[in-house]
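Read the single chain below, which is given as structure tokens and is the form predicted alone.
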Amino acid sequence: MSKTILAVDDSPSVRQMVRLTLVGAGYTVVEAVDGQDALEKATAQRFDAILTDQNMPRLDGLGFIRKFRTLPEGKGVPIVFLSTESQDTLKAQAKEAGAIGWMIKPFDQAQLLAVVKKVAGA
């Protein structure tokens, strides 16, 4: 049974890279274009892990994590925060909101796989 990952990013190229990397490693990937789209998808089905960008239209990464964590569906799902920013304040906010991991963009495929394996299992 393959693990299902939700990839949330408003950049089609980032989503494609994430999808190709993870599908190639045997994961199932569902894409969301922003936090609002992610919230709708994450409440409709269970994911083994969620990767979310910060800067997105409609609902940003922090907003998505905060809303998702208040819902029953948001309990126990690992969320990894992807951002071009490496500020400690944003890291602290993401952790406080409920993210368990952090990746700075751009990242390579090996880094991505290592993080997903760690949080979702192989």
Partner chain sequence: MTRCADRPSASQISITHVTQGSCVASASPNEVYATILGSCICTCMCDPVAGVGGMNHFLLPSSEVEDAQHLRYGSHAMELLINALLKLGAARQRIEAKIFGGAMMTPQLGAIGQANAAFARRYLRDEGILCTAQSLGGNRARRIRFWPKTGRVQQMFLGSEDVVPTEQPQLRLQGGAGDVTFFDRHSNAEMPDPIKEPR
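Numbering follows the first chain given and starts at 1. Since this is a predicted model, take the numbers as computed values, not measurements.
Not pictured, yet referred to below: the form predicted in complex with the partner chain.
Checking A42, A49, A94, A32 for any heavy atom within 4.5 Å of the partner chain in the predicted complex turns up a single hit: A94.
When the partner chain is considered in the predicted complex, T84 lines it closely, a heavy atom lying within 4.5 Å. Residue contact with the partner chain in the predicted complex: N55 places a heavy atom within 4.5 Å of it. Using a 4.5 Å cutoff between non-hydrogen atoms, G24 does not count as a contact of the partner chain in the predicted complex. Residues D9, D10, S11, P12, S13, V14, Q16, M17, L20 of 1-32 are found to place at least one heavy atom within 4.5 Å of the partner chain in the predicted complex.
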